[in-house]
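Before any questions on binding or motion, here is one chain by itself as structure tokens, the form predicted on its own.
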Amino acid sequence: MLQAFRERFGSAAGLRIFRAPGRVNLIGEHTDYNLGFVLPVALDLACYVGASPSGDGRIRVWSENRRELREWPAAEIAQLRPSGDWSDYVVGVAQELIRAGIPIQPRNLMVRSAVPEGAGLSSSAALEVSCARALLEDRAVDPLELAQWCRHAEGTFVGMPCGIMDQYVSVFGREGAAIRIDCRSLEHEAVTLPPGVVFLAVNSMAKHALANSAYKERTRECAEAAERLGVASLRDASAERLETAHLPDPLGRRARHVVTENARVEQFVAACREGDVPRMGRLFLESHASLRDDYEVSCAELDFLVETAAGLPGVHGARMTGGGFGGCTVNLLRPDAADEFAGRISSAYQGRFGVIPRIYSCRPANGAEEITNFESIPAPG
């Protein structure tokens, strides 16, 4: 990245590089914006942002992945409006820092990401957090505030009303562990995963146009269901209350997913601690069924991948992960089954949809940090 930065901007004087990971959510889907529980892991797939002073009063951002440049006068960054492309994540974060009283200095930024876009592995949060770290330079900030700024940027500037999970785990990720997040108290704990298992993400390579509009619709439906139940959020709803409330369809099914999914997170954490891998796998499958039937955010590609994986040797369970309508499944399996699984799931999916899926090993990694070994940075994804 050092040489690429020098070639793009003419100098790499003062270059510093910051890394922020993508994530895969093991369980707890669409519960974060309902103030519930989630259990993601930060991935070793990350977004890297190199930064150095520009010296001419401008902020430039070069995306190696897209081969596109955006630039603005640093003094005007606070007045910019959304442009509807990837640079909104950068500008939105910069504006959040300005609101927090942190001045934005003229910088040259180079973005290189290994997190695949549209795969449900949170490439957007990785971009937000890595850019925030690069713009902060050496300023010490509360890590939770950093996650909240990035989340707010995505919600208000980009226009996606997401929960806190993606940005949170990108900041607080822990190598070798999942992170159980209480999305109301914003407290977390590391959950050590049992030995003898691996997690693989399978990218369906599909991203249906319905994803963004349906996400906003589910957010609205959950808020309406909570209001009808007389609770501040569905986090406070109980299974017993749902049975007697008789919410109209689809509100009842949306609420049922959130209530049961919160319970599954707690059950999954307990199964991890007990080393009960079969139970972990069953919870994966139950979660997917709920997302498919009650929350209605799955699609034919994801359902096929889950159903196929469930029948393969060494697989304990599978489920869709992320917002839905495409993206990835996450699969829990024995390490010795990984190679056969990859070959068979790829062959089956190609035969059904004519597309070769991409498969990623989900190794839990640390959260955002500065990189000092420039040679360790992978090529653009």
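One-based numbering along the sequence shown. In this text the structure is predicted, and so the values were computed from the model without any measurement.
Same protein, other form: the form predicted together with a small molecule, not shown, and the subject of what follows.
- Within 4.5 Å of the small molecule in the predicted complex, a heavy atom is found for not a single one of 28, 31 and 35.
- Between 197 to 205, 267 to 275, 83 to 91, 254 to 262, the stretch whose residues reach within 4.5 angstroms of the small molecule in the predicted complex through a non-hydrogen atom is 83 to 91.
- A heavy atom within 4.5 Å of the small molecule in the predicted complex is found for one listed residue only; from 124, 95, 308, 108, this is 124.
- Comment: the small molecule is not present in this chain, but in the predicted complex one of 132, 119, 302, 225 has a heavy atom within 4.5 Å of it, namely 119.
- Among residues of the shown chain, residue 334 is not one whose heavy atoms approach the small molecule to within 4.5 Å in the predicted complex.
- The small molecule in the predicted complex comes within 4.5 Å of a heavy atom belonging to residue 66.
- Although the partner is absent here, residue 298 lies well away from the small molecule in the predicted complex, with no heavy atom inside 4.5 Å.
- Using a 4.5 angstroms limit between non-hydrogen atoms, residue 290 is distant from the small molecule in the predicted complex.
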